[in-house]
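In structure tokens, the next block holds one chain alone, the form predicted alone.
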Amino acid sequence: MGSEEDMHDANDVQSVEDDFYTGETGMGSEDDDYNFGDNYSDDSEDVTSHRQQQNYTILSEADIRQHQGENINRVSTVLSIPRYAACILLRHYNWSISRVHDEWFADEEHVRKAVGLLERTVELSNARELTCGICFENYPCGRMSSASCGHPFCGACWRGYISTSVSDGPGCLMLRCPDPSCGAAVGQNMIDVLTTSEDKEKYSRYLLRSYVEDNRKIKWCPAPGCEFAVEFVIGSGSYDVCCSCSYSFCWNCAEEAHRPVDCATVAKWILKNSAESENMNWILANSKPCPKCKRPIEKNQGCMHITCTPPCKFEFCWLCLGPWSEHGERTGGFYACNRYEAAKQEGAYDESERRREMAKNSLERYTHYYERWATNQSSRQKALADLHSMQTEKLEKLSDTQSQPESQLKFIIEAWLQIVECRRVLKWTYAYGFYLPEHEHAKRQFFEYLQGEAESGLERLHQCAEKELQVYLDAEGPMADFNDFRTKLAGLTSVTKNYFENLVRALETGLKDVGTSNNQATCSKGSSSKSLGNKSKSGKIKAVAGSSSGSGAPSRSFDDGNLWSCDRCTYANPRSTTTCQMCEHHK
């Protein structure tokens, strides 16, 4: 009896990742800011159609209330119970209509007992006066109220009881009769009648939040200050969604959008970035404990003669941590402790020194990946600002300067959209690379090659869109070579898109295309990078920059007749070979 959307509650369907870039499932880009190439449109009807193809829906507060009311009405009609009772049932079963129906028709009596819905309502006594069960004062029958159980309480006690419960938080949604021995539920119908307007508003807000926070298919947008929620079709594909506030995030883990890197890797990376472990690594790598008082000391001068701060004032050698008083000509002089060097060569230096070296190496490795992760993040933020400026100001100016209609300048917006998305992908590939096992040399080589090719292509595209475009923005009139620039930028956009398609596809499949043979190809990154995206004298792109090709598509050719490019990994292979030396894909 459940609705089609609730059929998902009965099954945990494993998510099958759709191709974010090629759109093979027919879905558009998850992010309105990142509609690549031909998907970009200013027409509102196109945008509406695009959203209908997505695997998620953005819900405003009005939408949430509407969906909530429809679900309550549906359960109320099917089970022939009041709306307040249907609301209590849905709240208890996390707003799953199918589960409510299943449990109700399997054992109605057990469900009623669990949620506090009595089968028969007990009416108040017909006596002229009744005694309140809280304050024990006598009141006329008309001033008394009760839940379905019939236990009478005066209006003042009801207001105080409900107000206290509402002030305590969302627990008020599971309110029961004040009588300690009674479990009858107190529904929204009584809240609306017995309490103040302020408490009614709070209760309504808690109920609204419950529909989102207790519902396994809906989540709030995590952007600060955003009041939209996202309803997701579970098992339908990519978890990356974009809210109406323009914030992109992963619906599964609620972190910022991070495809193609999985949620577990992102969680580890974010924890590492915020953990104190890196502080300890820095202390281990850049300081040594005083041999006497054990306080960590950072060496800030060239001399090996270290004096601890008061009150310790112990003088020692930075190299061997021995007393400085023992250092003289017999140890090789004050600036070279050969006693330590000899011991180090013999492998006799202590465990703490070995740990310090390991910490230093670990810190350097982490710093390498973190700096590039953070740099691409800042570059993406700058690209977003440039995109906004281009859409709101510069595009109109360029249209006037170059005497071109804005509809013919969309290739510039497409380029910036590609840059923004590629910066996001590239940023997370550094988190992926940090956790890639060191012993898997072939995978690491393949990954670094793909990453390098993608990054090289992105830098060419970004420079063209940022610096070369500025020449035409600053021009006082139409320039003869603007069409050549159009061809170049559009070609670089296509080539860069192809690079990142290969990178995303490889990472999402766990780099499984890496062969197990001992044929370890040397990455000829320079040759392939130069061959793709270079501009000829006529302004054309030398490389054939087609869309993402499948395994059966013909290979792209380089101008250099001695090389052919693999469709899977873009590796530049010698013409004499028929199998890619990097991923062993057949030509």
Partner chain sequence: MTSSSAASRKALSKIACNRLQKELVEWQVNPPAGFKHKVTDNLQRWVIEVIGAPGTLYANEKYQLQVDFPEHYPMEAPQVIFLHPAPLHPHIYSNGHICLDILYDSWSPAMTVSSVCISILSMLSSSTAKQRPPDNDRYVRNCRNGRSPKETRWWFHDDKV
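Residue numbers count along the first chain shown, from 1. Superpose the two forms; the largest set of C-alphas matching within 1.5 Å is the rigid core. Because the structure is predicted, anything quoted here is derived from the model rather than measured.
Same protein, other form: the form predicted together with its partner chain, not shown, and the subject of what follows.
Residue contact check for C157: one or more of its heavy atoms lie within 4.5 Å of its partner chain in the predicted complex.
With a 4.5 Å cutoff on heavy atoms, E256 does not count as touching its partner chain in the predicted complex; it lies far away. Of the heavy atoms in M190, none are within 4.5 Å of its partner chain in the predicted complex.
Remark: Y161 counts among the residues lining its partner chain in the predicted complex, judged by a heavy atom distance of 4.5 Å or less. The contact with its partner chain in the predicted complex, taken as any heavy atom within 4.5 Å, belongs to P178 out of P170, P222, G452, P178. Though its partner chain is absent from this view, in the predicted complex it lies within 4.5 Å of a heavy atom of just one residue from G133, G150, G433, P291, which is G133.
The stretch in contact with its partner chain in the predicted complex, judged by heavy atoms within 4.5 Å, is 134 to 142, chosen from 474 to 482, 499 to 507, 385 to 393, 134 to 142. Positional change of G155 between the shown form and the other one reaches 2 Å or more at the C-alpha, relative to the superposed core.
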